[in-house]
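This document starts with one chain, in the form predicted on its own, laid out as C-alpha cells.
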C-alpha cells in the first residue's frame, strides 16, 4: 500500500482534563516535551515518515499555540499546493467537538471530499515512533476492515475509557472490554487505528443517526463481531500521558540512551518547528550531569538529571535536579529546585527553594513570578 493512498486524522484536544495544569492555555497537542518538541510532533512525524501527505488536525479550543507551532506544515514537508496539512478548528458550534464521534461528524465534508482509500486516526497523548506502513502491510495481509494498534503492558491507571482487546490465533479481535478492572498485563488499545475511509464515514453516520456517540463502545465494541477487526502490537517505547506524573516520568525516561534510540530513530526522525538559537553557554563553575539541554541556555549553576528547553537561564549558585524547565524560564541565583515542572517564561527569584516528589512533582504555571 502506498502512503499517498492514506490520509491522517489527529485529535489534538482529547483527554486534556487529565493534565489540566498544562492544557489550561494550550491544547494537548501543543504541550512541550523532551526539550524541543510538542506532543503533536510525534503522531505528525509518524504519519509523514510513513508516506502520508494529507493530514487533518482536529482542535476545538486554546489552539493559538498549536497553530503557531504548526504554521503551514513546512517543518514536516506538508506545505503543499494540494493535500498537506489541514487544521480543522470549530468554525461553528464548539459543542460539536465534545467527543470523538461528534468531532468526526463535524468534519464529514473533509472526509467525503478526500479521495484516499484509508484513514489513520491517532491521538496526541502517546509518545512513540511507529511505522504506519507496517500497520498497513498487516492490514492488507489480514484483509481487515479495521486494524487497532495496541500495546501489551500494564493498563495505565488513568487512561480514559480503556479498551482491552482479546485475539484469536490469527490476531483477529474476539472480545473488547471497556473500563474493565484488570490487574497485570493486558492488550490495551492505544487510540490509533487504520480503517477504510468509506467505512469510517458509514459507521459515523450510522452512530449519529442513532444518537450513539461513544466511539469505542458504539464502533469498536459494537462492530467487531460484524467486521474483520485485527490488532497490531506495538512493542516500542510508548508512554501514555494521563497525568502530570506520567508527563514527568516520560520526560525523565529520555535520560536513558536506549529510550532515546527507540524514540528518535535516524531513519524515522521526529520533526518539529525549528527555532534557530545560539549554543548553550556554560559559566565558570557550572556543572551539568545526565541532562538534556536545549540551545540558547545560560547555565551558571548546577544541573542534574534535568530537561532544559531553549533559552533557560540557571543562576549562579543555583542547583536544579530532576526538573523539567520549559522555554525562556529564568531561575535566579542561590535557589534550589527538585522534582519541579516549570512552564514557559517563568521567573524564579533568587534564593527560592521548591521541592516535589517523583510521584507528585511541583508545577509552576506559564509566565508566573515565584
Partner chain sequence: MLYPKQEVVAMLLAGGQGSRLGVLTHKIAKPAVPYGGKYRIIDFPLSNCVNSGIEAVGVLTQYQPLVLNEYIGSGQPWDLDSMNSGVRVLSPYQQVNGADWYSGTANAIYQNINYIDRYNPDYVVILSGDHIYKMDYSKMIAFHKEHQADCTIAVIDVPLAEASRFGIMNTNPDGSIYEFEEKPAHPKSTNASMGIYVFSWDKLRKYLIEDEDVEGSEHDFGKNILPRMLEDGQRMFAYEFQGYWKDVGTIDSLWESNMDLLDPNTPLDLSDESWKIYSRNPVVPPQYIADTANVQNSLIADGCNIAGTIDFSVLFSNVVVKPGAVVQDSIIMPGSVIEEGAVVQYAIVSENTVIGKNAVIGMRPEDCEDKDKWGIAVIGDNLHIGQGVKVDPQAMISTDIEGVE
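Note that this is a predicted model, so its numbers are computed, not measured. Numbering follows the first chain given and starts at 1.
Form predicted together with the partner chain: not shown, discussed below.
Taking 166, 295, 179, 249 one by one, only a single residue has any non-hydrogen atom within 4.5 Å of the partner chain in the model of the complex, and it is 295. A heavy atom within 4.5 Å of the partner chain in the model of the complex is found for one listed residue only; from 141, 152, 80, 281, this is 281. Proximity of residue 108 to the partner chain in the model of the complex falls outside the 4.5 Å heavy atom cutoff. Of the heavy atoms in residue 291, some are within 4.5 Å of the partner chain in the model of the complex. When the partner chain is considered in the model of the complex, residue 32 lies well away from it, no heavy atom lying within 4.5 Å. In the model of the complex, the partner chain sits beyond 4.5 Å of every heavy atom of residue 174. Note that among 202-210, 187-195, 271-279, 233-241, the stretch whose heavy atoms approach the partner chain to within 4.5 Å in the model of the complex is 271-279.
Residues 35, 36, 37 are the members of 35-57 with a non-hydrogen atom no more than 4.5 angstroms from the partner chain in the model of the complex.
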